[in-house]
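Take a look at this single chain in structure tokens; it is the form predicted alone.
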């Protein structure tokens, strides 16, 4: 595993984790978002390790506003993340994509794979639902429709992330690309329940091995 830096279009210096030999094909791994990113982080890194054992290089960049990034999350939107993903693909020498869950919404026009892709509007709906449940448990009542309108006007804190109004606006209508170069990998193909549905972050080595095998097979077909 190696760390390397790259510059996002907005000017921020971002980090990326790289595995594998310094040769093509190199996968740009676009991670799951928000609360799902924490639940799938170990799974994502282990999949990259297993791909390395198969001679496949991969790189996982921080999106601006996430992880070690010094960019402000509330200043990000889907356009800035799409630009960052495209820039990372070019600057880090990537030839293929592995987009995980909502990461498929920002995938640049390269061939590759989308694991259990999730539309941006569905990701936002889940965040709003989680906030209303948390509020109810705390003795407050919040409605998703009211939160959505507030978020579009002022921004909103969801699952610990400070999302700006433009991000909320764009997510609220974000569909998965109707035309995509990515081959979908369904959760059922990994054999086991989805890790993002578990209450706490957990790992499943068998699922990581299954995903790595499907990606490796797809790259040589």
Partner chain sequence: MSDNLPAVRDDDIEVELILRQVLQDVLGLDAEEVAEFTEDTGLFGHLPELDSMAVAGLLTEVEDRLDILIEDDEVDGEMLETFGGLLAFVTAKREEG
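Positions refer to the first chain, counted from 1. Only a predicted model underlies this, so the values are computations on that prediction, with no experimental measurement involved.
Not on display, but discussed next: the form predicted in complex with the partner chain.
Enquirer: 74, 87, 95, 132: which sits within 4.5 Å of the partner chain in the predicted complex by any heavy atom?
Expert: Exactly one listed residue reaches within 4.5 Å, namely 132.
Enquirer: Is residue 157 one of the residues lying within 4.5 Å of the partner chain in the predicted complex, judged by heavy atom distances?
Expert: No, residue 157 stays farther than 4.5 Å from the partner chain in the predicted complex.
Enquirer: Is there a heavy atom of residue 125 lying 4.5 Å or less from a heavy atom of the partner chain in the predicted complex?
Expert: Result yes; residue 125 sits at the interface with the partner chain in the predicted complex.
Enquirer: Would residue 197 show up as a contact with the partner chain in the predicted complex if we use heavy atoms at 4.5 Å?
Expert: Taking the distances in the predicted complex, the answer for residue 197 is yes, it comes within 4.5 Å of the partner chain.
Enquirer: Applying a 4.5 Å heavy atom distance criterion, does residue 55 contact the partner chain in the predicted complex?
Expert: Residue-level check for residue 55: no, no contact with the partner chain.
Enquirer: Flag this candidate site as yes only if 136, 143 and 193 all have a heavy atom within 4.5 Å of the partner chain in the predicted complex; otherwise mark no.
Expert: All of them do, each having a heavy atom within 4.5 Å of the partner.
Enquirer: With the partner left out here, which residues of 26-53 have a non-hydrogen atom within 4.5 Å of the partner chain in the predicted complex?
Expert: Only a single residue, 35, comes within 4.5 Å of the partner.
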